[in-house]
Ligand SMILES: O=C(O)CCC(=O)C(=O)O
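Take a look at this single chain in structure tokens; it is the form predicted alone.
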Amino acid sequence: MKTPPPLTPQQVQFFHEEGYVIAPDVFDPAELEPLRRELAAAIEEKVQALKAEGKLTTTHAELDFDHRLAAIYRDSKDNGEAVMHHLEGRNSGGFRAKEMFDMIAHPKLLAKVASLLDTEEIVGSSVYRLRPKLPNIGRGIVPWHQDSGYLKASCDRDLIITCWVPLVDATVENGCMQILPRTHRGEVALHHNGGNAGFLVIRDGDLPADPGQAIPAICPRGGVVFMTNRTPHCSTPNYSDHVRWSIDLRYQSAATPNNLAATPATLDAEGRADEKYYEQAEIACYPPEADFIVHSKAHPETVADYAEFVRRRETFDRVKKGYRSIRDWPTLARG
């Protein structure tokens, strides 16, 4: 099999100077279809369950993947939310179909990530998310933040790459991200709890640059937006008639703190693990979710396959969380 190409030297330089780079042709759009089909099947599964419970009558089966969930939500917010929760799972990271793993471990994506991390030893970071942004729905609007705001302060100087992968063409109309370029080299900005839909938020006065300098991260289906963990970004409203489907995935060097060694020897009746587990998990930049090796030239036998990926994710979900606070940000004052 031919080795997929890395990013060009110009793209790598742009990433490190600007804090992001948009690669428009990482995938052939057809390579996204297995994941889109699996998501469509998961929607159908939940729709049929709601119908059987008498909560839903019009299934909108005639609509395509990009429009169906929006129509269900327009008919009933409760049904729309139920379908989204079914897809997103715990903290939006619960969709564990093999098609999702295949995207996380896709050789074309990992080749690009390796060129940014400058290493062949890559860990799939513990936070990945499914992002269905519905038209005119407030919870899809994500306020200004840096991904480091959600991670431990001890990892502020480590590079953790966010790969934002749209499953449709991402445009200004359907709510593509806004990015503040050249603002990723300083300290992590002050964040507050209590932003829209429970997200962290950087208030305009605390941003490292005027938000008017933001650029829209317009990206075609098949492209990827790569960002550093310290790049401020937000997500704007979707004014289109379709769902802006996307996933965001995170990768780091195996030398960056991770929880690969965390495996509970025992779990009590309440899901509490042994102390050694928590000590090992606490090392990671984001302890609550499982890290896994996605690429290794030195030790290819350690690369997680789909079964190992599911096993680690399910193990972490069963453990009662006993970690210290990830980050103690203040809460927005309510006037």
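Quantities reported herein were computed from a predicted structural model and do not represent experimental measurements. A residue's number is simply how far along the shown sequence it sits, counting from 1.
Below: the form predicted together with the ligand, not depicted.
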| query | finding |
| --- | --- |
| Residue stretch of 126-134, 153-161, 258-266, 100-108 approaching the ligand in the predicted complex, non-hydrogen atom distance within 4.5 Å | 126-134 |
| In the predicted complex, Arg221 touching the ligand (heavy atom, 4.5 Å) | no |
| Partner proximity in the predicted complex: His233 to the ligand, non-hydrogen atom cutoff 4.5 Å | yes |
| Any non-hydrogen atom of His145 within 4.5 angstroms of the ligand in the predicted complex | yes |
| Contact of Ser246 with the ligand in the predicted complex (heavy atom, 4.5 Å) | yes |
| Residue (of Met84, Met177, Val188, Val201) lying close to the ligand in the predicted complex, criterion heavy atoms within 4.5 Å | Met177 |
